[in-house]
Structures are given as structure tokens and as C-alpha cells.
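The chain below stands alone and is given as C-alpha cells, in the form predicted on its own.
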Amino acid sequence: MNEQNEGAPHIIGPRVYVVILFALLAGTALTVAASFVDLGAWHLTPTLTISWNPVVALAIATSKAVLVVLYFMHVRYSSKLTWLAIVAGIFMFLTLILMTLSDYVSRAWGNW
């Protein structure tokens, strides 16, 4: 990128937006379809069981959120400083989720 185009907005054609629209609609349809199917469970311990349905729903939602952030918020064509801010925010979010889940898993549920 040269200095003349540094502050200029990036123009995305309507074809890209239509493709993203259909990808988001397909993700929504996939989420609805997955909600009607029992995907089973993962038994970590005798008292801790994780269902696969929320895991799949969150994976689909995350992929849709990534599409929205990249294309509708124009992050894909942004500066490296914007990417750094987004990666730092995601890292902080995942750190907080990991700390919360580690507290939840380490409790002695039902042993009191």
C-alpha cells in the first residue's frame, strides 16, 4: 500500500456482499438444522457432561461473526494496528472464558 492510498477507504464490490449474505444465511440454516439433531454428549467425569449441540452452535456463530467483522466492518482491509486491537480483544475474551470455565470445572459439585 503506498502513501497516497493510506487513508482511502477500500471499495468492495456488491458480489462479495451477496456471497457473504448467502454464507450468513447458510450458517443460520445450519444452526437451525443442528438444533433439531441430538449430537450426543462428551462425558468428562461421571458428574460433568458436555453436550455437543452448544459447541456446534457456538462454532457456527463464531464463523458468522468472523465474516461480519471481516467484511461488513472492513477489518480485512484495515491496518495492522486494527488487527492487533482485535486480536488483543479476542485474547482477553478467551482468557476470561478460560478462567471462568476452570473455576466452574474445579468446583466440587454435589460433594457438599
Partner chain sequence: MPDSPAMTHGTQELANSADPGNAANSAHPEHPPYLLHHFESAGQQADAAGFAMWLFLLTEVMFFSGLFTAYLIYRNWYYRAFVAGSHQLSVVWGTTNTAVLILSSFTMAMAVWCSKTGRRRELTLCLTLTFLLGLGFLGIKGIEYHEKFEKHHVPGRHYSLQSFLYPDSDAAARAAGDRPLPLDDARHTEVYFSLYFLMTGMHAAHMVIGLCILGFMILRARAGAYTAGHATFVENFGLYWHFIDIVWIYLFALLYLISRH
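Numbering follows the first chain given and starts at 1. Values in this document were obtained by computation on a predicted structure and should not be read as measured data.
If you look for the form predicted together with its partner chain, you will not find it shown, but the lines that follow are about it.
Trainee: Given that the partner is absent here, does P46 sit within 4.5 Å of its partner chain in the model of the complex, heavy atoms only?
Mentor: Because no heavy atom of P46 falls inside 4.5 Å of its partner chain in the model of the complex, the answer is no.
Trainee: May I ask you to check whether V37 falls inside a 4.5 Å heavy atom distance of its partner chain in the model of the complex?
Mentor: Yes.
Trainee: With heavy atoms only and a cut-off of 4.5 Å, decide whether V32 touches its partner chain in the model of the complex.
Mentor: Heavy-atom contact with its partner chain at 4.5 Å: present for V32.
Trainee: Is there a heavy atom of I50 no more than 4.5 Å from a heavy atom of its partner chain in the model of the complex?
Mentor: Answer no; every heavy atom of I50 is more than 4.5 Å from its partner chain in the model of the complex.
Trainee: Who in 14-45 is close to its partner chain in the model of the complex, meaning a heavy atom within 4.5 Å?
Mentor: Contacting residues: P14, Y17, V18, L21, L24, L25, T28, T31, V32, S35, F36, V37, D38.
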